[in-house]
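In structure tokens, one chain follows: the form predicted on its own.
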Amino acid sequence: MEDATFIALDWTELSPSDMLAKGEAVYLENQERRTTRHFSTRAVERRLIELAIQSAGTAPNGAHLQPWTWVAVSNPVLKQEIRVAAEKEEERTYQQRMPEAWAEVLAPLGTDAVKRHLTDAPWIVVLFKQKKRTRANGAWGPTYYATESCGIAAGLFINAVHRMGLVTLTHTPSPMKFLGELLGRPAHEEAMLVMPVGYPEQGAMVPNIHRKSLDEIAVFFEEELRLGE
């Protein structure tokens, strides 16, 4: 096995006050992020989508295999085909496949099988997970922690979109096999997320929801405490 090549870590220490200020600023900025289903048809420059994908590509990932493919679609004909296929599957889900427990938590959010965001938004970005890879010997090999890696990358993509002043939505039509077929992806790539990206529609509405408090989502063990005492 070849020795790994390493380079020096590019890191500059900040003062405690600067660290706290940056942490507060990032939290407050992310606290303002909301998901919307109401998109303007206003055009978005391709370079913004490229930058969001490049930001996502900096995500930590299993064995640095970078097991993702990002497909960005602005072609209106293809977006319409995606919407028709997605709504067909969503109609089946809402009418036949959706468990009662899932339906009851979706009800307050006002979702349904109509997915106009897929044609209204100027871009649709589809994240595909690469389940396999080609090894140096030409044989197929598995990717490792591909789901977790793509999940982290999706979070960075969403954050990049928000910070540049746009909005997005995480859409998971199920099943999603039609996306690979429409977008010409190989069998070893599996669609994970559909994310329309654009400006919010004028007068866009979002559900009146509240995020859980820190106490509800985190547990801390301070240094002076020991388990079992």
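Quick note: we count residues from 1 along the sequence shown, nothing fancier. Just so it is clear, the model here is predicted, and its values are computed rather than measured.
Below, we refer to the form predicted together with 3-iodo-tyrosine, which is not included among the displayed structures.
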Triple contact flag 90, 98 and 171 to 3-iodo-tyrosine in the model of the complex, non-hydrogen atom at 4.5 angstroms:
yes
Checked 78, 84, 106, 72 for heavy atoms within 4.5 Å of 3-iodo-tyrosine in the model of the complex; positive is 106
Residue-level question: is residue 144 within 4.5 Å of 3-iodo-tyrosine in the model of the complex, judged on heavy atoms?
no
4.5 angstroms heavy atom contact with 3-iodo-tyrosine in the model of the complex for residue 148:
no
For residue 134, is any heavy atom within 4.5 Å of 3-iodo-tyrosine in the model of the complex, or not?
no
Is residue 140 near 3-iodo-tyrosine? Define near as a heavy atom within 4.5 Å, in the model of the complex.
no
Which of 198 to 206, 171 to 179, 59 to 67, 42 to 50 lies within 4.5 Å of 3-iodo-tyrosine in the model of the complex, heavy atoms considered? The stretch 171 to 179
Within 4.5 Å of 3-iodo-tyrosine in the model of the complex: residues from 111 to 146 (heavy atom criterion)
111, 112, 115
